[in-house]
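Here's a solo chain for you in structure tokens, the form predicted on its own.
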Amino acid sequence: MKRRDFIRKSVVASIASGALFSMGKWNSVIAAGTNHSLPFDMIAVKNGEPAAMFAEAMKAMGGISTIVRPNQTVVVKPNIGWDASPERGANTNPELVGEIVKQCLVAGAKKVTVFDNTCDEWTRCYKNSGIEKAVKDIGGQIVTGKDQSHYHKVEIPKGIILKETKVHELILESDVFINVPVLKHHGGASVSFSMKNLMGVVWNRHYYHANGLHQCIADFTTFCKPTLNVIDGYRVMKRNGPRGVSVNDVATMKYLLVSKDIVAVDTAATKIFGIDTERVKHIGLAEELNIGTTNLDSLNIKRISI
């Protein structure tokens, strides 16, 4: 089935004007692909606090031990790009990040490290997002993403435009990579979900903007494939992204999406956000590169309401 069969009527105009999100798009995320048997291709959770929703998602997947093994090294990559408080919705929810780090350590991870190549000054981003404290309080390690010496050149042989880039060594060396974006509006890419969040693990993201943003985002997914993608839809920035202007840009929606398929989970996120999947061009481009599927009906999706 083609992607156009899954397109919902766009509400971008209402988003731009500041209208609240329609909460009725939840059913479109699960469609007809849901049953009650493991393994699930995606977990969709709503109406809980961030940590509780992730805990329920992991239970549904069979436990964090299906992702993290004892003595493995884990890198967790939230969005920490902006000097903004959690209420602004510009960065990933710190409670969610803390719970992910906690569960990885409980599973026996040797080390759990968190970083981002921030847009604003990194020490302020880490502090004011609440993520630095959440990580340190639970026993994780947090490192800067602004030191170029930690980035190493890699080839992207399957890339159409992006043929090489410099990637942070944590991504290259860790056993497990958990990608934890926040669901939000983005002025350049329309929205920012899992694939867009990967721009925070490369050094020169300006190349993307200058040479074809959507194709470069898709190209990088042929090289960088997270072990798990966890989309934070607790507070959703509905306009003025990626940084936002005030809390008036944010709607509290209390959603969480979890999947190993980065294309599928971003497709599901478009439906919750209320934007046509085809409008987010890098999703379709990544599907054409055989990274994942936009066909949610073909997936076994577990829906949980807390």
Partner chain sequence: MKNQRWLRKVRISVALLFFSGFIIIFSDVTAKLPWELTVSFTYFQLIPSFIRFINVGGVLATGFIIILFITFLSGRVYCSVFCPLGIMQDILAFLRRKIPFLSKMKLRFKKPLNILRYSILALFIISLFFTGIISVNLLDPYANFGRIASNLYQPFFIAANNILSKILMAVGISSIQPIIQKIFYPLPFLFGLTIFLLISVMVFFRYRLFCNSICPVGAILGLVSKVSFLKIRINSNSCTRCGNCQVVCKTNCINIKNLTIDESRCVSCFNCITSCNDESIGYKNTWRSFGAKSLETTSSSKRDFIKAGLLFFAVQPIFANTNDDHDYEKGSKGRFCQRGPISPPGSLNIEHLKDYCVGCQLCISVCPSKVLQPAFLEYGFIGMMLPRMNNKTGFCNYECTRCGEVCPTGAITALTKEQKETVQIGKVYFKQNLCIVESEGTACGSCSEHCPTQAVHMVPYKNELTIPEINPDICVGCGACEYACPVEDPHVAIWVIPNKVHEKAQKPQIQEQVETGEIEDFPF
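A quick note: this is a predicted structure, and the numbers were derived from the prediction, not measured. Numbering follows the first chain given and starts at 1.
Another form, the form predicted together with its partner chain, is not on view; read the next lines as being about it.
Of the heavy atoms in residue 175, none are within 4.5 Å of its partner chain in the predicted bound form. Using a 4.5 angstroms threshold between heavy atoms, residue 102 stays clear of its partner chain in the predicted bound form.
In the predicted bound form, none of the heavy atoms of residue 223 sits within 4.5 Å of a heavy atom of its partner chain.
The closest heavy atom approach of residue 37 to its partner chain in the predicted bound form falls outside 4.5 Å. In plain terms, the part of the chain that comes close to its partner chain in the predicted bound form, with a heavy atom within 4.5 Å, is 121-129 out of 121-129, 89-97, 223-231, 102-110.
This chain appears without its partner; in the predicted bound form, the one residue of 61, 55, 250, 67 with a heavy atom within 4.5 Å of its partner chain is 250.
Note on the partner interface in the predicted bound form: the residue among 142, 171, 156, 138 having a heavy atom within 4.5 angstroms of its partner chain is 142. Using a 4.5 Å heavy atom cutoff, 271, 301 and 304 all lie near its partner chain in the predicted bound form. Residues of 45-83 lying near its partner chain in the predicted bound form, listed in sequence order, are 45, 46, 47, 82, 83, the criterion being any heavy atom within 4.5 Å.
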